[in-house]
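As structure tokens, one chain now follows by itself in the form predicted on its own.
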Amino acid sequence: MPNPKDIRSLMLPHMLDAVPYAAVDPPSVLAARAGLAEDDIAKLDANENPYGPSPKVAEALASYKGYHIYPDPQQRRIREALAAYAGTTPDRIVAGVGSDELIDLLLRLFVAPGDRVIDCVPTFGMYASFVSVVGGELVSVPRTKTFDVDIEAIRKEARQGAKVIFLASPNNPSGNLLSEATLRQLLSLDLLVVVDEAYYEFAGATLAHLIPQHSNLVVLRTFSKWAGLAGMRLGYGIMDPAVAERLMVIKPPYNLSVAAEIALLASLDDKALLLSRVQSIVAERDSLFARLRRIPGLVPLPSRANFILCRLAKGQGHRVYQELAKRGIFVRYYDTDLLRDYIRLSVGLPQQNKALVEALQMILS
């Protein structure tokens, strides 16, 4: 039997250097860290929906009798339902275990070891993680001071052979949208352009209508945020049929469980309720933003998502994060050069947001 030293020599070199995504801890771990009960903490670090899923999801899961049968590998009912919701056709839809799986599959389809992928930082960290897994070369292009993309820098990297670019709209963590004019410029380049619309329902804006005219555009979405199904892992992509056909070939045959399919269909059956909750979160986001603006030493950035990025005085980011955690309020802190003086606040229930504002006032007074 090989010893641990020998077994690593059999691993792919680029896998040994793969960078993990900085995921958040579950409520039980956070509560134990703060010395509180789970019901007494405010988990505002992962942009989860505080209202949870539609009640129809639990009802549908409880009544289903076919858990012993494999799910449909062709995702027929799922693709038809998602196409109707997204205003497209089933042959342009592929569903995944969260949009994360679709990011992974797209990279496997388009990126060979050594190929270059553009990442407009700061942004969602999963793009960089999956690029390292496939052995691609990550090209980090910093955003502007207002977190917009740098078109000229992207053009330069495209001319030097980059193959793919990932762009979140609204961007995570800054909350700003990618404009259609900017996207049209990017689509003229020799790149696969992946626009991640994880927060589409909160933004009320999409770029998916450009897909029929641009085969190099893919739009990703998720049920984690608007539908309160982060724990179910449900995402989908809208794309050119040729791309969808290949993704359906290379994905695991039964990638979505029957439970995930049931939850997805039940959510779409109750979309009126879920979208009304989205509007409540949007209203609460705008109210929270107004309250945050009145706190000295804190600068919230306008957001079109269900979170708000806040700038603090130099060196204050980690301190404020720790002080909030001591009070059982958990927000997102990024220990990176670009975001060290920021915290990201997920929009919670009104009472959670009230506790957050009061804690910040006390910490920064």
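These numbers were taken from a predicted model, which means no experiment stands behind them. One rule holds for the numbers: they count along the sequence shown, beginning at 1.
Unshown form predicted together with a small molecule; subsequent notes refer to it.
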Can you pick the stretch from 224-232, 109-117, 71-79, 273-281 whose heavy atoms fall within 4.5 Å of the small molecule in the model of the complex? 224-232
is_contact(residue 201, the small molecule) in the model of the complex, heavy atom dist at most 4.5 Å: no
Heavy atom of residue 172 within 4.5 Å of the small molecule in the model of the complex: yes
Are any of the heavy atoms in residue 99 no more than 4.5 Å from a heavy atom of the small molecule in the model of the complex? yes
Is residue 289 close enough to the small molecule in the model of the complex to count, meaning some heavy atom within 4.5 Å? no
Please state whether all three residues 124, 127 and 168 have a non-hydrogen atom within 4.5 angstroms of the small molecule in the model of the complex. yes
